[in-house]
Structures are given as structure tokens and as C-alpha cells.
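One chain comes next, on its own, written as C-alpha cells: the form predicted alone.
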């Protein structure tokens, strides 16, 4: 791998496998923080190189609060990755964030607790305070938006992701609180992943797919058509990535 030319995809719920990835290598990466969620797959999507890591493990067995986020980010950096597309299945808050909507958020609020959320925990003897004014990379966000449009999708540019603890879903009262805080997406894996990527110096952005209305946002049963929305949403993600990976390769080669 050549640093800067490969892009990593961290797959979330519904994207534990990348069927469009032509796997050329499989790496078990040792890190100071333990094992990543799964072996990292290196390969190609179309004409572009790509790296894939399933956040919840290859069999989707790791709950959000138990993911080794530090090991995942460290492993990708160790392999020379400089840009990350983080795919997240989320709940929608508000009438314009319905199921199957694709969103590229630009802000995040962290409501999680008890997770290993920094590389600067005192063990290394270093202390650092990274700037998190723009939690997502502007250039990677543009890449996702451009690829989405090229794939015939209409991704929403901007939004605030609420990262909650999980693994349970939220109550309607909690969702009202998140809405009052300005959030229009809710998920369980957005943090500390985004902050760790910033600490590691990696360009990171979120590709969020709404798979259900959040609690209290619709009269429908949250789980009613979730599987169908998840499958359809991840089909859109795969189509987007088919355009994005070669585009990312071209941008790196320019």
C-alpha cells in the first residue's frame, strides 16, 4: 500500500461484508490497544484500491459500546490509510430524515460514556488537545457527496449526529432532548471513532444511512420495516462506493 492513495471503509450495521471488494490481501494487525474488530481486507473496487474493516466484526457480533475503536483506527493508520469513510446506520430525527435517506453530517454531539475515547490517556506520557471544530474532513465529505450524486443518489449535505451509548434504542423523551440540542441523526458508533481519527491525523467523514425514524418520530413501529430499509440503504451505499473509490484514487493521483 502507498500512503495517501488508499481509502478505508469502516462498515457498520448492514455492511459487515463488502461483496464488491476484490480481496487481494487480509491483514491481522497488532496494535498497542489490542485486536481490531476483524482482520483488515485490502483490495480493489473497480479501478481503485480500498481497505475494509467491519466495525462490529465480520459476523456482526460486537455491540457498539464494546467496539475497540482505538485498535481499529490504529490498525488503519498502521497500514498507511489516510482517509476513512465511516458508514453508519442511523435513526432519523425530523420529517426530512426518513428511512433510506443518505446524509453526510458535518457536526456531532457525544452522549456516550465509559468508552476508551482517546490515545492520550496518560499512558504514553503525552497530552494533546485536538481541534474538533469541524469533526469531519471537508475534503472527504465532498468526495462522498460527489460520489453520491454520480451514483444517482441525493445525499443531504450537513446534519448533526447524536452518538448515544446503546445497545438499546432511545426513548421518545431522549429523542426530544436530542432534537432540542439540534441533532437530526442518532446512532451508537459515531464516537469516539471520529475523535480518534482526528487524533491519529486521518481524514475522516461519516456516510450515514437512515434506517428508521427515531423513537416518537413516527407512528410506525421502529422495527416494522427496518430490515427492508437497511437492505435498501446499504444497496445505495454500495453503489455510492463503486463511484467513490475510483474517484478517490484519481484525486490522490492528481
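Numbering follows the first chain given and starts at 1. It should be emphasised that the depicted structure is a prediction, and the values quoted were computed from it without experimental measurement.
One more form of this protein exists, namely the form predicted together with hypoxanthine (HPA); it is left out here, but the text below deals with it.
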query: Contact label in the model of the complex: residue 48 to hypoxanthine (HPA), heavy atom within 4.5 Å; finding: no
query: Distance check, residue 150 to hypoxanthine (HPA) in the model of the complex, heavy atom within 4.5 Å; finding: no
query: Residue 188: touches hypoxanthine (HPA) in the model of the complex, heavy atom cutoff 4.5 angstroms; finding: yes
query: Residue 164 within 4.5 Å of hypoxanthine (HPA) in the model of the complex, heavy atoms; finding: yes
query: Stretch from 22 to 30, 38 to 46, 204 to 212, 191 to 199 whose residues place a heavy atom within 4.5 Å of hypoxanthine (HPA) in the model of the complex; finding: 204 to 212
query: Residue (of 143, 89, 81, 86) lying close to hypoxanthine (HPA) in the model of the complex, criterion heavy atoms within 4.5 Å; finding: 89
query: Selected contact from 71, 130, 179, 169, since only one has a non-hydrogen atom within 4.5 angstroms of hypoxanthine (HPA) in the model of the complex; finding: 169
